[in-house]
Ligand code: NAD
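Only one chain comes next, encoded as C-alpha cells, the form predicted alone.
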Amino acid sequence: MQFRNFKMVDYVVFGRGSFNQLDEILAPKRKSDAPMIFLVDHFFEGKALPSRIPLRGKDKIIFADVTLEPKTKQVDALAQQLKDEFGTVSGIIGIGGGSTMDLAKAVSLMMTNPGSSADYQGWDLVKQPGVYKAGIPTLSGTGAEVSRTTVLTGPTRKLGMNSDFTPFDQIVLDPELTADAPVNQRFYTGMDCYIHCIESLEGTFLNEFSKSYGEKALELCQDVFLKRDHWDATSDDKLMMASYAGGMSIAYSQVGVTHAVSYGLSYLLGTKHGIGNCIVMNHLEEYYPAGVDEFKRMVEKNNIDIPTGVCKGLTDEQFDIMINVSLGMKPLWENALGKDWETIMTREKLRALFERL
C-alpha cells in the first residue's frame, strides 16, 4: 500500500493579536530589493487593517477583487504584473477569506513556474516551489490556510492546483481579524467547515488521521452554531480552530457530494463557494441524512436564508456544463460513494439534483 506523504504548513502562530508579530515573522524571509507583496481582500480597502501591515522598502499592498472566486487569468495577470514591476519578490502574503488565500498561493506558484496557471489545474502538476507565501485568514471555515490546493476557475473547469508546493510556508491565525465579518458571510464560510467534517467523516477514504481532526472540528462547529445563544470572542477563537482542523481532516481524506455539485454551480453561475455549499447541502438528505438535518437546524437557529431556485430557467447546454464540471471531480465522488460511484451518480441523477437547487 502507498501512503500519502502529506506536506503540511511549515509554521503556525495562533492567538489574539498575533498579527502584530508579522514584521518579525517576515524579516528573515526578506531579500534585498525584492519586496513583500500583500494581497488583501478588497473588503478591507479604506478600513483600519491595511494600516497595520508592516511595509518595508518597496513592499506593496494590492487589494484583490474577490467578488468572484479566483480565475486563472486573474492569477496570471497578477503574477505577470509583479514580474514586470519587480522582476522577483520576497514573498506573497494573502490576507482575507479563502479566495484571497487561494489567490496568494496561486500567484506565489506562478512567479516560478512557466505558462499559465490553467496548465497546473489538477493533481501534482506543479514542478517548482513558488516564492515564500503566508496566509492570514480574516474569515474562518474554508480551510484554505492549511490546504494543498488553490481552487481556480479556468477556461474549461473549476479545479485546484493540488500539489506539495501549494501549502503556505507560514499562517497567522489571529481570531481578532474575524470579529467584524458580516453575519451571513461568517455563517456561509463556517458551513464550509461543517460540510468538510460531514463529508470527511462519512467518506470511504476515512482514516484515523482524518477522523481525529474531523471530529474535533465538527464538535467546535456544533458548539458555535447550535449551542450558543450569542456570538462572542470565544466563538471566533473556536471557529478559527475548527477551520484549521476541518482543513486538516480533508487533507488526508477528501470532501464529497456537496463540494462536487457546488463546483458545477460555481463554474456556471459564479456562486461563491460557501453559499454554494449551503444551497447544495440543503438537498442532500439521501447522502448525509443526519448532517443535513443538523445543518437545517443551524440555518434556523442563526436566522439565515439559503437561496433556492438558482437553476430555474437554465438550458440543457447549461445543465450539461455544470454536470461535466461536477463529474470531473472524481476523487470527491469516489470518497462519497465508493469505487463504483459512476454507476450510482449518473448524468440523469445529477441533472435531477441540479434541477432541485
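For every residue, the number given is its place in the sequence shown, counted from 1. All values derive from a computational prediction rather than experimental measurement.
Form predicted together with ligand NAD: not shown, discussed below.
### Open or blocked, once ligand NAD is placed by superposing site C-alphas in the predicted complex (3+ ligand atoms within 2.4 Å of backbone or C-beta means blocked)
Site status open, zero atoms under the 2.4 Å cut.
### Message
Since only the chain is shown here, I'm wondering whether residue 256 would be in contact with ligand NAD in the predicted complex (any heavy atom pair within 4.5 Å).
### Response
Residue-level check for residue 256: no, no contact with ligand NAD.
### Task
Would you check, heavy atoms only and a 4.5 Å threshold, whether residue 97 touches ligand NAD in the predicted complex?
Residue-level check for residue 97: yes, a contact with ligand NAD.
### Query
Quick one: does residue 329 come within 4.5 Å of ligand NAD in the predicted complex, counting heavy atoms only?
Flag for residue 329 set to no.
### Query
Can any non-hydrogen atom of residue 144 be found within 4.5 angstroms of ligand NAD in the predicted complex?
Although ligand NAD is absent here, residue 144 would touch it in the predicted complex, with heavy atoms inside 4.5 Å.
### Task
Go through 200, 150, 262, 108 and name the one with a heavy atom inside 4.5 Å of ligand NAD in the predicted complex.
Here the answer is residue option 150.
### Task
Could you spot which one of 210, 72, 189, 90 gets a heavy atom to within 4.5 Å of ligand NAD in the predicted complex?
The option sitting close enough to the partner is 189.
### Task
Considering ligand NAD in the predicted complex, find the one stretch among 100 to 108, 117 to 125, 78 to 86, 225 to 233 with heavy atoms no farther than 4.5 Å from it.
Result for this chain: 100 to 108.
### Task
Between 32 to 60 and ligand NAD in the predicted complex, list the residues on our side with a heavy atom within 4.5 Å.
Read in sequence order, the residues that approach ligand NAD (within 4.5 Å, in the predicted complex) are 41, 42, 43, 44.
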